[in-house]
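Here we start with a single chain on its own, the form predicted on its own, put down as structure tokens.
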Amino acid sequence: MTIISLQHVTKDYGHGRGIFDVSFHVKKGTVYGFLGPNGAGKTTAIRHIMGFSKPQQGIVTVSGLNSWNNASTIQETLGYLPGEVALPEHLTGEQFIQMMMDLRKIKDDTHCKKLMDFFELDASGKVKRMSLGMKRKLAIVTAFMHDPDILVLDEPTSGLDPIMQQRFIDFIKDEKRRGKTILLSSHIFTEVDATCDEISIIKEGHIISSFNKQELLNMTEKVFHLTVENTKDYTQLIQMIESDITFQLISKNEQINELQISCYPSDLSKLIKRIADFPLLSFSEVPFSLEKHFMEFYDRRVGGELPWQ
């Protein structure tokens, strides 16, 4: 079941700014990563999802409702964390939380207190005197205090220290286990890689790729790091790899008998059989890097053919 849908959405601000013919769909219970650098169009797309902006072309729906015509209804079951947090600085954090609880007609503050404890939020002081990280925590708590079914997160860990960034990732994983539907917009590869099932990459207002992360892993070459016990066997292994088109020799270090080999997952068993007779000191897989994969094709022209197409 599709919860968030953008169908051929265009908002042209002129001079190449905006989003152009953007389409993607977020299914119920999944975490959808919206990946791209600052200025690529992520926030513009999110503003349309929230009903803050009306598309010039296309349709945006949330739970089957037009986001522009039904913004207030949609936001009753939606938690939104903006990329730039603007809070009333004359209030204390506690006063702001109470104000938001009143606006959302929340009577039981149990879930809110749970969030405050989890994110170590001290809301007693004036918002004006809070650090950027503390303001971000306050925004997180107020965005999720009503335990929404849908989460729309725009650069959610901006301003958080590394410990809190990891805690936020753990929070998203837990929300996913609870069946929440989450759109996470970010330029931070680690949080997208750690949490997302589906990913769309946006460049200059255009979606240049959408893919399932697990399917991408199954289609992407795996890289292995090997160290051979002696020079003679090392030389023979190099010759074997170079003579077999199934494998690719990525790098070698003859001084310490090290090399890196890549192959597709379907050829992994063949690789294991070929190297089984060689005396290896080490054999390990080099972890997949979403960032490396992203950087390898991001500079291609919009609409160009991508490696997995």
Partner chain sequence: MINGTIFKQTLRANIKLWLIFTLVLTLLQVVMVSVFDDRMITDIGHMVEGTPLAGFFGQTTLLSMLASTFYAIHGVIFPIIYIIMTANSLIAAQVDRGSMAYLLSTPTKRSTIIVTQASYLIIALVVMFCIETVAGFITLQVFQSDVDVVIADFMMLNIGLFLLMFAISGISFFFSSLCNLSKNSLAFGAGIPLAFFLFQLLSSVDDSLEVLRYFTMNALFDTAAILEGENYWWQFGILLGIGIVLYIASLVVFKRKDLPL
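Everything quoted here is computed from the prediction, not taken from an experiment. Positions refer to the first chain, counted from 1.
The same protein has a further form, the form predicted together with the partner chain, not shown here; the description that follows concerns it.
Using a 4.5 Å cut on heavy atoms, which of D147, E221, D122, E76 is close to the partner chain in the predicted complex? Selected residue: E76.
Just one of L132, M99, L216, A194 has a heavy atom within 4.5 Å of the partner chain in the predicted complex. Which one? Here the answer is residue option M99.
Pick the stretch from 274 to 282, 64 to 72, 257 to 265, 236 to 244 whose residues have a heavy atom within 4.5 Å of the partner chain in the predicted complex. So the stretch in question is 64 to 72.
Site test, I172, I201 and H206 vs the partner chain in the predicted complex, non-hydrogen atom cutoff 4.5 Å: Contact check failed for every one of I172, I201 and H206.
N230, heavy atom within 4.5 angstroms of the partner chain in the predicted complex: N230 lies outside the contact set for the partner chain.
Residue-level contact is defined here as any heavy atom of the residue lying within 4.5 Å of the partner chain in the predicted complex; does G51 satisfy this criterion? Yes, G51 sits close enough to the partner chain in the predicted complex that at least one of its heavy atoms falls within 4.5 Å.
Contact of H225 with the partner chain in the predicted complex (heavy atom, 4.5 Å): Residue-level check for H225: no, no contact with the partner chain.
Quick one: is E89 in contact with the partner chain in the predicted complex, heavy atoms, 4.5 Å cut-off? Judged by the heavy-atom cut-off of 4.5 Å, E89 is in contact with the partner chain in the predicted complex.
Sequence order please: the residues of 255 to 280 with a heavy atom within 4.5 Å of the partner chain in the predicted complex. If the 4.5 Å heavy-atom criterion is applied to the partner chain in the predicted complex, 255 to 280 yields nothing.
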